[in-house]
Structure formats: structure tokens, C-alpha cells
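To begin, one chain is listed below as C-alpha cells, in the form predicted alone.
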């Protein structure tokens, strides 16, 4: 009879032979476009196709990122954890101004490529083409804001970090439920009318259905530019804005925030007369927009404070500290909190 000891040694040797094959075993993942993508059982290196995917990867599993779509600026790096803030720039495969190329993708040797955002035939076609050219699995994730908890769990499962995904998703669910309950008794006709002004002149905005304006729907406010039509971003005239007469103006631009308060053209707007012009924080990622990713979750709390003053008592600074600690893995100083809220708080 074959000695038991020799059998155990042979079994152990067989395991060693099979381990690489097991580690590379594939599984099928059906992405948001309905594409069936074969991905490795274990994913260790991930390339983001665009800015929203870059943010999502950072908050869910930064150790698996191969780089940033765009290198963070020095100002942004202050709000990102080491050593991830110094990862290399990869460029973007998707969206306006794509800068990445196939050679770059191959050189980064990712196990998979992830894109997050709007799902349509154009993005599906791009994913198919890049996957065919590189042989690297390319998955599309629906980035609709209301799906944030599902998105966090989905991507965490894809990357094998389920506990982290659950922690973040639970926070997202609690925050959205709290906001909805806080403003539940406000009638639709009493909700604030908001204009979002992009760029230094403030005349680029998001139409009805724009992914850039999703947060207003989530917090129950009215996007006045919805009257101009539907689609993505578009330019409007000052006469249109004057006709809409918003209660609140939001922007990311310090130039526009400054000029709108002093330019006589804007002076008769209710938002200007009531001093309700706010600039959304943008570090390390925009609270309201730019990019339209999971980073916007911070806006749910912030907009509740400025759009519905007095409806809920909470410490905005502490809420900011909690979010940055949990999602960005940084511990903010009081100076940093003051910097973030400097032009975004009720005076």
C-alpha cells in the first residue's frame, strides 16, 4: 500500500501545481449594459476609464488602483491619503478630451478596466473595442446617483472587498434616508428654485435629465434650467436666468461667485438680493459635480443645510469630518474644514 505520508506529500505538490490556475480562474460578470464579461476570480489591479470611476475606485479599494485618470493637484493631494495620492496619471479612455491610448493601457497591466456613469450604446461600443484590442476585461457600471448604495456594493463585490462596500453603502443609505425624512413635510411648491452656474461667467448649466444636476432631484429642489429643455450641459443667456429668478445660485467657480454679487446685471435676482449664492467645495472632488460620481454624496448633507435652513440641527463641520474619514481615509484638521466650508456656508 502507498504510504499515507507519501500521499500527503503528493497531494500538497498537486495543490502547488494547481494554485496558479485557481488564482486565475475566471468568472462571468454582467455589466450595466448587459454585456457578459469574463473577469479574473481575483482582481488586484484596476484601471479607471474616466473620472467618476477613478473616485469610486479610490473610495472602495485604493490599493487596487493602478493610477489616476488625472494626477491630483497639490491642493487636492492635501485631502487624499498617502500613498495613493502619488499614483501615476493614466489619462482617460472615455468622455470629453480622452487622453489615454492602448499602449498606455497595456503598459499598466490591469486585471480589469472599469467605467462608471451614463450607460448607452456609445459607451458599450467603446468598451467592446478596447476589450477586443487589449484582451483586458472592461466593465460598465451604472453611475446614477440614486443607485449609489448598489453601486458601492456591486463594485466592492467585483473587487473582493465586500465589507468595505457594505460600510460605505450603509452610510449612503442612512444619509439619503435622513435627508428625505428631514424635508418630507415641505410641499413641492415650497421647495427652492435653484440655478447652477458653471464657468467664470456662470452661463453654462445642466438641463433637465443632466447627470450633473441629479443631486437637486435627490434633495427635492427645482432646477430652473429644466425649463430650457433636456439633455446634458448647455449655455443659456442672462435673460433666461433673470426670467427664472432662482431662490438659490450654486456654482463651483470662485470667479463667478464673486462677480455675481457685484455685477448689476445679476443684481435683481432673488438669490443675489437674499445673499444665497454658494460655491460647492471641490477638494479633492466636487461635492455637487465635477466629476458626477460617488463624491456627490457629501452634497446631500450640504444642500440640506443651505436649501432648507433650520430644518435640521447638525454640525456641518463634524459631518464633513466623518465623510472624509470614511470615504477618503483622511483626518481633517479644523483649518481644512474651515477651508472647505469658507464659501459654501450660510453666513
Partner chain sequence: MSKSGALPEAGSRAGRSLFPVLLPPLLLAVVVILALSAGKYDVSLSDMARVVWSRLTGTPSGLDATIETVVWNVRLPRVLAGLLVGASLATAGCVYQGLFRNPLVSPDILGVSAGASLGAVGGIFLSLPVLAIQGMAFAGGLAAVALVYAIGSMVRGRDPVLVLVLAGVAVGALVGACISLLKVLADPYNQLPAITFWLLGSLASITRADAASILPAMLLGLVPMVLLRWRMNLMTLDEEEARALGIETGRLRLVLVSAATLMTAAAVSVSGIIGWVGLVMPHIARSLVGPDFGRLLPASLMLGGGYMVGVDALARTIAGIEVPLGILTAVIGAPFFLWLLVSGRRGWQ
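Keep in mind that this is a model prediction, so the values were computed, not measured. Positions refer to the first chain, counted from 1.
What comes next is about the form predicted together with its partner chain, which is not displayed.
A.B. asks: Please name which of the stretches 248 to 256, 130 to 138, 78 to 86, 165 to 173 has residues with heavy atoms lying within 4.5 Å of its partner chain in the predicted bound form.
C.D. replies: This holds for exactly one stretch, 248 to 256.
A.B. asks: Which pick from 217, 142, 150, 204 sits with a heavy atom within 4.5 Å of its partner chain in the predicted bound form?
C.D. replies: In short, 204.
A.B. asks: Work out which of 182, 240, 118, 71 lies within 4.5 Å of its partner chain in the predicted bound form, going by heavy atoms.
C.D. replies: Looking at the other structure, the residue within range turns out to be 240.
A.B. asks: In the predicted bound form, does every one of 200, 236 and 268 come within 4.5 Å of its partner chain, counting any heavy atom?
C.D. replies: Contact check passed for all of 200, 236 and 268.
A.B. asks: Does residue 228 reach its partner chain in the predicted bound form if we count a contact as any heavy atom within 4.5 Å?
C.D. replies: Flag for residue 228 set to yes.
A.B. asks: So, residue 291 and its partner chain: in the predicted bound form, are they within 4.5 Å at any heavy atom pair?
C.D. replies: Result yes; residue 291 sits at the interface with its partner chain in the predicted bound form.
A.B. asks: Hey, in the predicted bound form, is residue 92 touching its partner chain, heavy atoms inside 4.5 Å?
C.D. replies: Looking in the predicted bound form, residue contacts with its partner chain include residue 92, since a heavy atom lies within 4.5 Å.
A.B. asks: Examine residue 284 and determine whether its closest non-hydrogen atom to its partner chain in the predicted bound form is within 4.5 angstroms.
C.D. replies: No, residue 284 stays farther than 4.5 Å from its partner chain in the predicted bound form.
A.B. asks: Relative to its partner chain in the predicted bound form, which residues of 30 to 48 have a heavy atom no more than 4.5 Å away?
C.D. replies: Going through 30 to 48 in order - heavy atoms within 4.5 Å of its partner chain in the predicted bound form - there are no hits.
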